[in-house]
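Consider the single chain below, provided in structure tokens and representing the form predicted alone.
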Amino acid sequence: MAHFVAHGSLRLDAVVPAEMNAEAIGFLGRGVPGVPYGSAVADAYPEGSFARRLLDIPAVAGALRSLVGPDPRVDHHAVHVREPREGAAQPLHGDAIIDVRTDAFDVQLMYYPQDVTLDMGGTLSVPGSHLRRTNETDTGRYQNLLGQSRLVCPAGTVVFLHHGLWHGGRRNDSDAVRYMFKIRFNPTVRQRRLWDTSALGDPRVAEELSTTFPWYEPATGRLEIYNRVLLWRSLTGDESFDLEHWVTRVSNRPQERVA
């Protein structure tokens, strides 16, 4: 969870069985009809459907519950197809208008049924960008940022993204069609201690949350750490947690001393 809060993503390599990956090509190729905004998972994806079986894979189900909790709602889903040698890429973007929430977030599941090689246009993302308040394609003019990550992965990989993470599908320079299935989930419970919290006191948690990235500016980059602390406090309920006193020093409210 600390890795997700710091990076804005969580990657599960090859967690979907090979037979489901083979089935997915036909399933995604035919297109997936939309569902109403706010649908319950059971209503959007009936028992036995491909999407439901994908969500029922233990590693996927566990990660989803840890991030958004039980009974999330389906915001929307989409099949993204990158055609062979298409000659174009998506602009860098976040999948939300300016979002001022510090105590909640949506999660996007991205499923890749094929091996994704470097030339297939795997999803580009910018680690640590998810808490910077931008509006959708405000970042589209940026072409390359130091430390960005271009997805290369084995078939059956599932990636969970914070809805604000800057990302975009790259140009497919291969001869193969590349598929990706995305579902965005909205939480229906407060996102507080939804995961195994037995290691909250481990020093590695603070180390992970202190991660910086090469594209961070010396000054503005500190705001990423500040916003990260606010999110971690909300997720854990620990209002005393801090990193280098970033939040403590600007939230101190001394009371008038009474004689």
Partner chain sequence: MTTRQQVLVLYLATSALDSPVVGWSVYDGTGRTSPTTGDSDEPPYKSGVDALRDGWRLFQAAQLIPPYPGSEYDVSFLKHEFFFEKLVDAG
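Positions refer to the first chain, counted from 1. Here the structure is a predicted model, which means the values were calculated and not measured.
Here the subject shifts to the form predicted in complex with the partner chain, a form of this protein not shown in this document.
For the options 138, 95, 115, 119, the one in contact with the partner chain in the model of the complex, meaning a heavy atom within 4.5 Å, is 138. Residue in contact with the partner chain in the model of the complex (any heavy atom within 4.5 Å), chosen from 73, 163, 170, 182: 170. Among residues of the shown chain, residue 188 is not one whose heavy atoms approach the partner chain to within 4.5 Å in the model of the complex. The partner chain in the model of the complex is not approached by residue 18, whose heavy atoms all lie more than 4.5 angstroms from it.
Using a 4.5 angstroms threshold between heavy atoms, residue 109 stays clear of the partner chain in the model of the complex. In the model of the complex, the partner chain lies within 4.5 Å of some heavy atom of residue 217.
Comparing 153-161, 174-182, 73-81, 129-137 against the partner chain in the model of the complex, the single stretch with non-hydrogen atoms within 4.5 angstroms of it is 129-137.
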